[in-house]
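Below you will find one chain, with nothing else, as structure tokens; this is the form predicted on its own, and questions on how it binds or moves follow later.
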């Protein structure tokens, strides 16, 4: 094992780190909106179905590559399936690009957390809140300052190593994140008019389950677990050799789904409680609508909410950053400090361009989400389902009695269903 690579200290640390990688800003704004737009509870059932029968098999495929090789995406594919090693380079490039532009959005969350502490949103109207968001994104010095601050926080956590940095941060902040979100749910549900928000989320409308709804549920279940880039692979390479990958994967998917539901119950009842507001999609929901909504609740609610947003953004950025660091440590023989500094400086350069040039930001987002992630996931399932000996994945499942019983189902899904589903996601995203 390369010098400075490290490992997670326990299953709990691994699960919290993997859950942190999966839980991001998309859980807070995208999932609640999609549930309401595509049939409420009917969409939730569809989403959970795809999580179990698509996302989990892909998660296990990527995790098996990491745990059995104990290497980064490039090293793992080179060891298991040399002809597919090009996908390792692609995954590392995708992780670097995502780190760069995602840190711009993370910078916004840092800015809003600071403003919430100083009561900067107190008494604002929707128009004034939208003007603040426009001012932040349009002012070069401010958007760069918070971007650098967020990227710097990410780098410092990764610099502390796998056990003390990533694992230590995840073990403390992920449970805290769930507690914070649960508190907001309780407060949100106590507001007048919250029932309309609950209906938005939970009233099943099966007439809305059409082609776009199915595609949305399929895509959301896939991207929710951060599949296809190498985050799962890299984190699983830090798991103890005797760790039960099956149990870890099941807990990770469960926590990710629970958090997405909590986010829905925290956000939508609060939005509907304020007259004249409509649930919108995209960053505008978090950075324009919700400052007004949560400020009206009073107390520390805005601070708690934007701290939760910041933590969710950090846990995702850390996992992407670590993919590139692991590659530099494994393949280039760098020590962690030098690798972190190099990734920080490179991401600083690309991220600054993304912060100042919206077209570059959009291009990076489109390429990674619609091409790199889906293609990477397709390679992972092909390698595990068709290239490596069946005994390798079976060994990881057989360490658990329930895993051994479910292995035939996993194997069938991985070989035949997942490649078709991933191809469908890719085609849908590109149309």
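Remember, it's a predicted structure, so these values are computed and weren't measured experimentally. Positions refer to the first chain, counted from 1.
As for the form predicted in complex with 4-fluoro-L-phenylalanine, it is not shown, yet the points below apply to it.
Novice: If contact means any heavy atom within 4.5 Å, which of 129-137, 319-327, 301-309, 111-119 contacts 4-fluoro-L-phenylalanine in the predicted bound form?
Specialist: Selected range: 319-327.
Novice: May I ask you to choose, among 102, 150, 272, 287, the residue with a heavy atom within 4.5 Å of 4-fluoro-L-phenylalanine in the predicted bound form?
Specialist: By the 4.5 Å heavy-atom cutoff, the listed residue in contact is 102.
Novice: If you check 267, 354, 229, 260 against 4-fluoro-L-phenylalanine in the predicted bound form, which one has a heavy atom within 4.5 Å?
Specialist: Exactly one residue meets the criterion: 229.
Novice: Would 25, 224 and 373 all count as contacting 4-fluoro-L-phenylalanine in the predicted bound form, using a 4.5 Å heavy atom cut-off?
Specialist: Yes, each of 25, 224 and 373 comes within 4.5 Å of 4-fluoro-L-phenylalanine in the predicted bound form.
Novice: Although 4-fluoro-L-phenylalanine is absent from this view, report whether residue 177 comes within 4.5 Å of it in the predicted bound form, heavy atoms only.
Specialist: It does not: once 4-fluoro-L-phenylalanine is placed as it appears in the predicted bound form, residue 177 has no heavy atom within 4.5 Å of it.
Novice: Would residue 98 sit within 4.5 Å of 4-fluoro-L-phenylalanine in the predicted bound form, counting heavy atoms only?
Specialist: Residue 98: yes, in contact with 4-fluoro-L-phenylalanine in the predicted bound form.
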